[in-house]
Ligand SMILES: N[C@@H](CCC(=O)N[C@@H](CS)C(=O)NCC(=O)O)C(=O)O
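Only one chain is shown below, in structure tokens, and it's the form predicted alone.
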């Protein structure tokens, strides 16, 4: 078996979804190690003491331990969908998502840990970002430009998480453009491919080959 980069991942983590989306789109092959974040393996801790996912260990021993850096590495290797076009990973949209929006999203999702305010209050704070997205998508099909790019890819896993906190509320929320944009991603062949379930990785095993051969260059919503 050739020496492939190793990706430590957790299926439901939005940061790890970013990385898997970029790797699958680029077609660069890695050995995926699906870990349990409540019981992190010593190999992950040795590679990256911060112990969050994704962590990509390259064949030469280099460690890439931030989701945006994994995306950059994969798409610089090959970018058939032109996801790095425009501002892409330097976008202010991503900074806002990873900053204030993520702050409020965490409190909305885990409101019982933050009893200072109600879940509804935290949701309303997070909605400021959702409203910005709604305004953007009212004039364009994609957040990052005229076509889907790395900005959209970096954002949608977090909007997915927001929508999943109260699905019944989200279904009637006044954000139809964001809802349709999100559904386009969730129904895409590429997303289905990267969300395939893998067994929990066990020490001593190489991992699972990834990506699972999705159609390269397929439209986002075929």
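Residue numbers count along the first chain shown, from 1. Everything quoted here is computed from the prediction, not taken from an experiment.
Keep in mind that the form predicted together with this ligand is missing from the display, and what follows is about it.
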Requested in this report: Give a yes/no on whether residue 178 approaches this ligand to within 4.5 Å in the model of the complex, heavy atoms considered.
Outcome: no
Query raised in the report: Might residue 211 be said to contact this ligand in the model of the complex, defining contact as any heavy atom within 4.5 Å?
Result: no
Query raised in the report: Wondering, does residue 50 line up within 4.5 Å of this ligand in the model of the complex on heavy atoms?
Result: yes
Query raised in the report: Taking the shortest heavy atom distance, is residue 65 within 4.5 Å of this ligand in the model of the complex?
Result: yes
Report summary line: For this ligand in the model of the complex, the stretch among 36-44, 182-190, 162-170, 22-30 with residues bearing a heavy atom within 4.5 Å is 36-44
